[in-house]
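Listed next as structure tokens is one chain, alone, in the form predicted alone.
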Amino acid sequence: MYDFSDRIKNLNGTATREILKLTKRPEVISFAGGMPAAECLPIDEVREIARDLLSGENAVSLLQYGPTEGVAELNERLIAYLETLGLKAKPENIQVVSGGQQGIDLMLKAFVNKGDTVLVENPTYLAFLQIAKTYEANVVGVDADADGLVISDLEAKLKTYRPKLLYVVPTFSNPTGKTYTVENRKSILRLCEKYGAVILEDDPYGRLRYDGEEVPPLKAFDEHGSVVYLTSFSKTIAPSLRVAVAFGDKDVIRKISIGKQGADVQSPALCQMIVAEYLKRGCFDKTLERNIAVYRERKDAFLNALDKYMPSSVRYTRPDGGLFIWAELPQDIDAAAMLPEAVERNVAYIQGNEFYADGRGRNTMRLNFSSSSVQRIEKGVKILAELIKTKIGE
């Protein structure tokens, strides 16, 4: 038997990855993943850019080692991109990372010792919980409502636990799809500054808005370097490029850079330059407009199907953007236990308890609408609703 480390021996794969293995059959309608729609991946644009780059005079440098901080051309584009979000950065304030999850990993590596407390929204992104467990952190959930975090509960837990870090996805949250109000964001920042907690703001979905008015990132209100802002191009260009950026105080970014040196030296230069050229050529806005139209239609179709088929005892969020809808079933229904029955009926979802720091929420589920056609959404929601009705006796 192998003597694995304490930090890995009790670690399991995420529920998303395990369930995706069960849904490879084409007949399965999967609401489980969080992937962009296949038809939204910009194959032609990326092919053309990659061909141009590898045919150019700097082709050799794209296959060679490069700076850990990121290639200069991309960093310039990222600074301009962040400005469109109301964020003013200098080169020393940004670090290119290999996807948002590496940004999470490097932040925990920089701040968290074994046993340190980190706060998260209940529920939160399940991969954060897995990564935090790797660093042997004590993860404590903060209650949330329609406006964002419950401020009284946040302050109580800041007082009690004196956490190193608060992790939030305030815009089109994974898993709930909710968006924090401006006032809620300001209150979170004010409290974390008061109690000395760093905020990691994860924003992979913020550009995918289908309804309502834009809300500035929490980082836009940060005047004292309390927030590290993390955004990715996985949902807006392509996941496999693994290009994301962390933006924060230069001292924090320096530690993240050092941590990345030991992790993978650099993000692939070719992928970085593809994103740089994508932004430079104006492809990003065109692709975003096209994709938003696709996702808006699917989100509306999903909500219409839920309204049409779900029993009235099932509650669900109505997000203005992002990729997810969060459903809450009657308390006596166990969504985790029901999942195998759903898969037998060729429908899949993610059980909600996986997103809670304390394992609560067994009557909840996360539903993704981006990866299925309108026709499959209608069919899948109807099947799922019929299964739920059998559980509540309707």
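Numbering starts at 1 and follows the sequence shown. This is a predicted model, so every value here is computed, not measured.
Keep in mind that the form predicted together with a small molecule is missing from the display, and what follows is about it.
Participant: Residue 317 versus the small molecule, in the model of the complex: is there a non-hydrogen atom within 4.5 Å?
Facilitator: No.
Participant: I'd like to know if residue 105 sits close to the small molecule in the model of the complex, meaning any non-hydrogen atom pair within 4.5 angstroms.
Facilitator: Residue-level check for residue 105: no, no contact with the small molecule.
Participant: With the partner left out of view, is residue 273 within 4.5 angstroms of the small molecule in the model of the complex by any non-hydrogen atom?
Facilitator: It does not: once the small molecule is placed as it appears in the model of the complex, residue 273 has no heavy atom within 4.5 Å of it.
Participant: Is residue 232 close to the small molecule in the model of the complex, meaning a heavy atom pair under 4.5 Å apart or at it?
Facilitator: Within the cut-off, so yes.
Participant: Considering non-hydrogen atoms and a 4.5 Å limit, which listed residue (169, 166, 71, 154) is close to the small molecule in the model of the complex?
Facilitator: That would be 169.
Participant: 217, 268, 259, 99: which sits within 4.5 Å of the small molecule in the model of the complex by any heavy atom?
Facilitator: Of 217, 268, 259, 99, the residue with a heavy atom within 4.5 Å of the small molecule in the model of the complex is 99.
Participant: If contact means a heavy atom within 4.5 Å, which one of 297 to 305, 197 to 205, 79 to 87, 179 to 187 is the stretch that engages the small molecule in the model of the complex?
Facilitator: Looking at the other structure, the answer is 197 to 205.
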